[in-house]
Ligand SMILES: Cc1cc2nc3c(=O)[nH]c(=O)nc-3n(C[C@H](O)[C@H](O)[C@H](O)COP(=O)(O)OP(=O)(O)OC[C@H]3O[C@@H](n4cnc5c(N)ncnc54)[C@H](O)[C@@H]3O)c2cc1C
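Single chain ahead, by itself, as structure tokens, in the form predicted alone.
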Amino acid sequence: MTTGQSYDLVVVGAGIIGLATAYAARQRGLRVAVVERHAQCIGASVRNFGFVTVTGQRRGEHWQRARRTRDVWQHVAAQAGIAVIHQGLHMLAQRPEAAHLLEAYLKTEMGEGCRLLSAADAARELPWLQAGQAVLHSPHELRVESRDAIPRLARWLELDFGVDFFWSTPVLGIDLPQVHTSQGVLSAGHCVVCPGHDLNTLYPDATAQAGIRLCTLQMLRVMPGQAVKLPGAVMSDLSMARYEGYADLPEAAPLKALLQAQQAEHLRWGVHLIAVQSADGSMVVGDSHVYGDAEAPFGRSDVDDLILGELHRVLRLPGAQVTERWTGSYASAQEPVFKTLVAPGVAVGIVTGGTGASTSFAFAEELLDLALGI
């Protein structure tokens, strides 16, 4: 780094929100640098499902963010050479109460483009799916392999869009036009800070006032014992009780009560099912949710067993084996996003609902507007 290098915008953090902000800024012709404290992105942006989901996001503004982000992902993936591995979602209703909830969901604006398959139709069309009451099919979702997509997106921004990246470079302080880093000082007209779940380095008072805490989750990679081809992501009743687009509807109350009676341990650990497939046939499966003031560093085998048990209740996967296990952490709060202007020209933004991949590009446009005073 050469001290004094000048930019219209410095982005702090190279997770998906930071990269999306850099993309939005270059679309407006701004000179952009991204400064990242690690040698590469290692946080929630690469430890997730790569599942860009619209269906089930909180009704209103956040659902609209997901719709916009899905469209941008579709464009960016094609331009950056990022493979879209599959598209769509199948939500298995395992109980009559869940099927009733899906019927109610379809009557809202969020159900646009979705359809409900009967148990008989699902058995014919989806032989790998366990029997249930009904299946919601959404065409809106897409899936990328996060651990490959995020570094490829960064390289594309650097090579094709001229974004400067400074890796292994913590930002120590911001006093525009100066951005002080461990490698020297950058000059910037504006700055967007995308700290992810690092709540203590820059502007900790702002994040503390927002009531943000950390959520740690457990995830698995599972290889089926025989070839199975998922046409899209798969979710289940537990997901309907968690995703606010379903869970906030009045018709969700009977399902929630039944789940509390029948799967209390799953709810205790925040377990619900998402299963997506990778190009090699393996599946990324999860997840659980444990909240606190710090990351929970140790995974639990009994929580993994809860996740795997739900997987087998939903999918026919004889002989499946776990090939990888990992934990991830993200910032969590009551609202799905947090954004604030901490100083003239300096915006801080965090997706606080675990939906960074799904809402990143739309949220980045909001952060850029905030920093630019638009």
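Here the structure is a predicted model, which means the values were calculated and not measured. Numbers for residues come from their place in the sequence shown, where the first is 1.
Only in words, not in the display: the form predicted together with this ligand, which the text now covers.
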> Among Lys339, Arg26, Arg70, Arg47, which has any heavy atom within 4.5 Å of this ligand in the predicted complex?
Replying inline: Arg47
> Taking heavy atoms only, is Leu238 within 4.5 angstroms of this ligand in the predicted complex?
Replying inline: no
>> Taking any heavy atom pair closer than or equal to 4.5 Å as contact, tell me whether Asp198 reaches this ligand in the predicted complex.
In response: yes
>> Taking this ligand as it sits in the predicted complex, is Thr207 in contact with it (heavy atom to heavy atom, 4.5 Å or less)?
In response: no
> With the partner left out of view, is His38 within 4.5 angstroms of this ligand in the predicted complex by any non-hydrogen atom?
Replying inline: yes
>> At 4.5 Å between heavy atoms, only one of the stretches 298 to 306, 98 to 106, 157 to 165, 198 to 206 reaches this ligand in the predicted complex; which one is it?
In response: 198 to 206
> In sequence order, which positions of 337 to 365 have a non-hydrogen atom within 4.5 Å of this ligand in the predicted complex?
Replying inline: Val351, Gly354, Thr355, Gly356, Ala357, Ser358
